[in-house]
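The chain below stands alone and is given as C-alpha cells, in the form predicted alone.
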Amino acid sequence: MSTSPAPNPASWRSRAFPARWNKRMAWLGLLLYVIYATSIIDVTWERFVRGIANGGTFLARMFPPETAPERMALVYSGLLESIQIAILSTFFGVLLSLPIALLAARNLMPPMVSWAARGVIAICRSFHYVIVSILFVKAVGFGALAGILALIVATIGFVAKLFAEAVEEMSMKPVEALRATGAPFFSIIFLAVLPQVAARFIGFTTYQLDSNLRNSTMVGIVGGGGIGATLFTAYRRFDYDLVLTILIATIILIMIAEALATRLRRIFQ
C-alpha cells in the first residue's frame, strides 16, 4: 500500500498567503516617498517640540474667555450672520443642484447632456470654497454675499453629484412604465423619479446645511462675512480671550446644528 508524502506546512502557507510583490513594492514606494517628503519640507522633531511649547503659551493667553456684554454682542451678530449664510447658500445651492443633477443622470439624459452637466459639477468641485470665496470677494466685495455665493458653488459641486448618483441607482421600471403611456418628461420626474429618491435628497440637504454652517466660519476669514470675520479680526488684534469665546460659541452652534440635522433626517427618512 503506497503512502502519499506528508504535506509541507510551508506549501500550505504559500498557497493560503501568496506573496503579492506588487503590493509590497507599492507600500515600500509609499514609505520611501514619505521619508523623502519629510526630509525636504523641514519636518523635524525639534520643531515639533518647540511648537508644543508655543502652543501652550498661546492657549494660556486665551484663558479666561471674554464675556463682556459689548464683545458678546459681536459674537452673537457674527453667529447670526453665519447661520443666515448657511441657510441661504444651502437653499439656493440645492435649488440649483436638483436640475443639474437630473441633467447629469445618465439613465435619464443622452450622453451629450449628461456629460455637459457633469462638467459643470466637476468645475464646481475643482476649487476649495475658500479659494472661490476669495474670487467672489474680489468680484462683489467683502461681506456675506461673497460667502453665500462661494458656498452655493460648493453646494452644487457636492450635492448635485450625490443627487445624480442617487437618480442613477433608482429603479427604472416606473420610468419605463410612464414612458410607455406617453407621459411628458416633467410627469416622469415628479411621479417616477422624485418619489424614489426624495428621502435621500432630504438626507443630502440636511448634511449640506450642517456642512455649510461649518464652512461659513472659514469663508469669513477671507472676507466672506459671518463669525469667521469676527474671529480673524480678534486674532489680528491679539484678543485671544475673544478668540476662545468665538471658538466655544462656534463649537456649541455646530453641535446644535448637527443634532437638529440628525433629527430632521430621522423625521423625513
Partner chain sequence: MNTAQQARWVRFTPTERIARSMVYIVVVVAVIWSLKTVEVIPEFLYDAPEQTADLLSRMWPFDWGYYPTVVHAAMIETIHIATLGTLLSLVAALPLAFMAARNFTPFPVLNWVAQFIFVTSRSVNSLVWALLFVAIFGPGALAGILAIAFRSIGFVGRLFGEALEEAQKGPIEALNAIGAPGSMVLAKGYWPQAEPAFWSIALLRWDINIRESAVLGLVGAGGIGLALNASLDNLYWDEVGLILAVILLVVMATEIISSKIRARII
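Numbering follows the first chain given and starts at 1. Treat the numbers as computed from the prediction; the structure is a model and nothing was measured.
Just so it is clear, the following notes concern the form predicted together with the partner chain, a form of the same protein that is not shown.
Contact annotation for Y33: at least one heavy atom lies within 4.5 Å of the partner chain in the model of the complex. Although the partner is absent here, W115 sits far enough away that none of its heavy atoms falls within 4.5 Å of the partner chain in the model of the complex. Although the partner is absent here, A60 is not a contact residue: none of its heavy atoms lies within 4.5 angstroms of the partner chain in the model of the complex. The partner chain is not shown here, and in the model of the complex it never comes within 4.5 Å of any heavy atom of F201.
The partner is absent here, but in the model of the complex a heavy atom of I148, alone among I148, V167, A104, V159, sits within 4.5 Å of the partner chain. Taken together, R47, A144 and V222 are fully in contact with the partner chain in the model of the complex: each brings a heavy atom within 4.5 Å. Scanning 239-267 for heavy atoms within 4.5 Å of the partner chain in the model of the complex gives Y240, L247, I251, I254, M255, E258, L264, I267 in sequence order.
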